[in-house]
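For reference, the chain that follows is the form predicted alone, supplied as structure tokens.
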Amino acid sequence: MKIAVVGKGGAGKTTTAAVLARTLARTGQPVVALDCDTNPNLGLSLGVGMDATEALLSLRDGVGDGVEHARSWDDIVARFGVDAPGRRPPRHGLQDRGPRFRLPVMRGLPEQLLGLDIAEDTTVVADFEAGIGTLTRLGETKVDAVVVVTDPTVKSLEVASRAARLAEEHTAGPIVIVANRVLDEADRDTVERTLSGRTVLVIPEDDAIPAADRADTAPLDASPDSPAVRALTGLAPLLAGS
């Protein structure tokens, strides 16, 4: 299953991709979180820590054409990935032994990487570059679902509307709009009016998200019960039918 996460820069795209990837990993399925942004920081939002994220960035800057020369998807994940936390939280004092997942930070283009032979039981959550440029370059590459991230501002909603239309060319699966930082009913009405007919998941404004960013901590670790994080965990079920 290949899930593309797209949206205007600053709308919360990377946070959304991180919470989605870790929520899916908790179900026990193999998950690969793919950071395709030119300013990759998905590692921080996933909770691998600053040191590991910086090491990934150094690797990304130093591999040259190495990704393109990798022989297979499994080879790419093994060579350019790092383990990220993906276990369920402990229950009744017992630590869950569920699988962890991999975070590759890629230099290669998503249209090349997502076109490789990926095992059917693996879910790939690809955090695309900000904007819609990556979608326009996908060509014949198809994904199984698209998550379009926006906030209630006019510019962000306009990008989201164009991204959703473009996504229809690259998936026969669900297209879900994640509307972040919704303050009130006026914001909600603006989102629903602009994106009428789309599946929209509304995420409330929540100070826990920027607080986690400032602390270089994954929101799912810092504030798992905060309103925004709990709302974001509802994204995975909306994609389950893809």
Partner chain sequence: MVVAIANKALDSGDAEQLARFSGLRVVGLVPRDPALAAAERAGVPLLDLSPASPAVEAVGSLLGALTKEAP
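Numbering follows the first chain given and starts at 1. Predicted model only: the values in this text are computed from it and were never measured.
Separately, the form predicted in complex with the partner chain exists; it is not shown, and the next lines address it.
*Asks:* Out of the stretches listed (213 to 221, 194 to 202, 29 to 37, 171 to 179), which one is close to the partner chain in the predicted complex, meaning heavy atoms within 4.5 Å?
*Replies:* Partner-contacting stretch among the options: 213 to 221.
*Asks:* So in the predicted complex, does Thr153 come within 4.5 Å of the partner chain, heavy atom to heavy atom?
*Replies:* Output for Thr153 is yes: heavy atoms within 4.5 Å of the partner chain.
*Asks:* If we define contact as a non-hydrogen atom of the residue within 4.5 angstroms of the partner, is Asp189 a contact of the partner chain in the predicted complex?
*Replies:* So Asp189 does not count as contacting the partner chain.
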